Structure formats: C-alpha cells, structure tokens
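A single chain, nothing else alongside it, follows as structure tokens in the form predicted on its own.
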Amino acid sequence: MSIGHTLLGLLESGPRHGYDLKRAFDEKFGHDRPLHYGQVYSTMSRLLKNGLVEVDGIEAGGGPERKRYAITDAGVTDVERWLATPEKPEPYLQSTLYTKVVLALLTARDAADILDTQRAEHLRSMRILTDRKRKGDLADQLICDHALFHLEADLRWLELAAARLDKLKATVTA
C-alpha cells in the first residue's frame, strides 16, 4: 500500500492535521497495521517537499505547533494517476513455503509434515478471519474476503503439493 497516496486521498475531503490523518488512516485501512505518528509526519514532509501538499495553517497549542495540510492540484493529479494504475499481480513464484518443502526433501526430512503444519495454520487463520468478517462492517468484510480467497488458493496449492511430493522428491534429489 502506498501510504503517501493514501494520505493524499484522505486530504481530498479537506485540510487535516497529521493527527487527524493518522486517525482516519487507522480507521479506514490500519486495522491490522496502524500507522506510527513518525511515519505520518515523515510522509507529510516528503509530500510537502514534492509539492503534493501545502501547509494550510499552523496552530499553536500546549505542545508543538500543529500544521494543517491541504492537497495541491499536483497532489490530486498524482492520486488520480495512482488510482488509475493497475497493481502488478503477485505471482509468488519463489515462496518461502516452497523453499521449505524442497529443503525438507533435500535433507531427508518429512515434507508432508511441513505441509500439514502449514495447512493447520492456514485453517486457523481462516477461522479468525471468518469470525472477524462475521462481526465486521462492509469494508472489513471485503478485506477479510480478500485474505480468505488468498488463503483458499494456498490451501489448494498445499493439497496439490502433497499429492505430488513423491514426484517432486525424485526431481529435486536427482
């Protein structure tokens, strides 16, 4: 996820302080990985330097001055370009799990145990996500569906790999 573009997009509804941006980000996108304040302010500093935001006002308070940021026309154009650019699909051609299976076969360990352990972990994660989906709002349901579909694909691969372990062992140990 591009944090800079996400913060720019949040600014399109109007100027905000860094604290407000962090809160909005965490509420909409940061359920599992909330932003750190330092990350917000370093990102805003970079966006300011690049002309994508401007300081709309500074307020003095009990602590440090609070800057209110506004998106510039260049920032709006940058968000539009980012939104229109498709994300590159992640093919997972060199996954850690595949590496573990091959190494187990190369070292005469039980690769089926690795696949079984991973299957159990995927199923545990799916139960947690399904519970979260059941209790969540529409946005949370869509996030959980995305993760669940990826886990389902992984489970299909785990089954396929388990069915092909003998052939894979013959190939990698030859």
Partner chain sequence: MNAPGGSLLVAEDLKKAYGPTMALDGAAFSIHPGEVVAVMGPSGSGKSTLLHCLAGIVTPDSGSIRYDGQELATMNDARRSLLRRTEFGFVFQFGQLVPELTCVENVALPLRLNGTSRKQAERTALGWMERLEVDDLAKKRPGEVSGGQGQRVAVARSLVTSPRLIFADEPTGALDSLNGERVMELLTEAARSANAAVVLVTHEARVAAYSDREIVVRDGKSRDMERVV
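Residue numbers count along the first chain shown, from 1. Rigid core: the largest C-alpha set superposing within 1.5 Å between the two forms. Please read all numbers here as calculations on a predicted model, not as lab measurements.
The same protein also has a form predicted in complex with the partner chain, omitted here; what follows describes it.
Engineer: Given that the partner is absent here, state which listed stretch (48 to 56, 107 to 115, 66 to 74, 35 to 43) has heavy atoms within 4.5 Å of the partner chain in the predicted bound form.
Structural biologist: In short, 107 to 115.
Engineer: Is R132 part of the interface with the partner chain in the predicted bound form - any heavy atom within 4.5 Å?
Structural biologist: Looking in the predicted bound form, residue contacts with the partner chain do not include R132, since no heavy atom lies within 4.5 Å.
Engineer: At 4.5 Å between heavy atoms, is D145 in contact with the partner chain in the predicted bound form?
Structural biologist: Yes, D145 is a contact residue.
Engineer: Taking heavy atoms only, is R127 within 4.5 angstroms of the partner chain in the predicted bound form?
Structural biologist: Flag for R127 set to yes.
Engineer: Report whether the minimum heavy atom distance between A24 and the partner chain in the predicted bound form is within 4.5 Å.
Structural biologist: Close contact is absent here: in the predicted bound form, A24 is far from the partner chain, nothing within 4.5 Å, heavy atoms only.
Engineer: How about E12 - superposed on the rigid core, does its CA move between the shown form and the other one by 2 Å or more?
Structural biologist: The answer is no; the displacement is under 2 Å.
Engineer: Using a superposition on the rigid core, decide whether the Cα position of A163 changes by 2 angstroms or more between the shown form and the other one.
Structural biologist: Yes, because once the rigid core is superposed, the C-alpha of A163 moves 2 Å or more between the shown form and the other one.
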